[in-house]
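Before any questions on binding or motion, here is one chain by itself as C-alpha cells, the form predicted alone.
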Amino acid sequence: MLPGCVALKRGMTQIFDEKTGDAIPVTVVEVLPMTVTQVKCAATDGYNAVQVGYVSAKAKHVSRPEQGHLTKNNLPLMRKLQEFRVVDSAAFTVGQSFSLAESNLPFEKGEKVKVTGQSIGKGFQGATKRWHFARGPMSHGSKSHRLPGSIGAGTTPGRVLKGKKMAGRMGNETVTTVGLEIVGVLPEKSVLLIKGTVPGVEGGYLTVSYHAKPGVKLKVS
C-alpha cells in the first residue's frame, strides 16, 4: 500500500463523541484520487519510490517534459506529481489508481497520521508576533513596548550572529504536524475527519501519511 495520500483541506467543523457527547473539533480533508505515473527501484534509481499524479490538466498547464513523461505511458495529463518512498516498489504498476472510495487506502478511525502542508503566509512581522517575544512596559515613559531589544555586543563579536531571531517574513513554509487522530472516515465522499487543526489554508494541498511512534520504523510495502 502507499504510505500516504494527497488531499485538500476543506475547512473545519465539529462532531460529537458517541459515548461522552463532547464536541470534537475536526478538519475536513478530501482525499484526491491518485494514479501511479512512475515506479522507481533501487537497482536503477538508487531508491524505492512510487510517483503519483493527481488533478487533471490541459496541455497548456503542463510542461513539455511532463507531457512526454505522461503520454509515454498512455496516461492522461495531470497538473501535479508527487513521490512516496516505499520499502518494495515491485508491488506497484504504472497506471494503478488509488483512492479512498476504492478502499485501497486503508485509513481507519482511531489511526494516527502526520499531515504536511504549506503554512499560511503572514507577511513581514515583528519579533513579538514572529517569535513570541515578551513586550516591554506599556506605562507612560517606556520606549520599548514591542522592540526586540539588544541584538548583540558592539566590540565583540562586532556583528549580528547568524540565526538571530529578528523581524522578517513569517509563515508560508512547509509544516508537518504529527500524531493527529482520524476520528471519521467517509469513503463515499472521499473524506477524512482529522481531530484538531492541520497546516495551510482552505483549498490547500496536504500530504497525509501514516505516523509511526518515535524510534519505530514504519514499514509499508
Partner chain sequence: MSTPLIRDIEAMYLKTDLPHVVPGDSVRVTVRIVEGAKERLQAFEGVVLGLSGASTSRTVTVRKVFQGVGVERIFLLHSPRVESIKVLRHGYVRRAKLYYMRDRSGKAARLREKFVTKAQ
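Numbering follows the first chain given and starts at 1. Predicted model only: the values in this text are computed from it and were never measured.
There is another form of this protein, the form predicted in complex with its partner chain, and it is not shown here; the text below is about that form.
Though the partner is left out of this view, residue 191 does reach within 4.5 Å of its partner chain in the predicted bound form, counting heavy atoms only. Proximity of residue 12 to its partner chain in the predicted bound form: non-hydrogen atoms within 4.5 Å are present. The shortest heavy atom separation between residue 28 and its partner chain in the predicted bound form is within 4.5 Å.
Interface residue remark: residue 186 is counted as part of the site for its partner chain in the predicted bound form, having a heavy atom within 4.5 Å. Partner contacts here mean any heavy atom within 4.5 Å of its partner chain in the predicted bound form, and among 62 to 70, 168 to 176, 155 to 163, 191 to 199 they occur only in 191 to 199.
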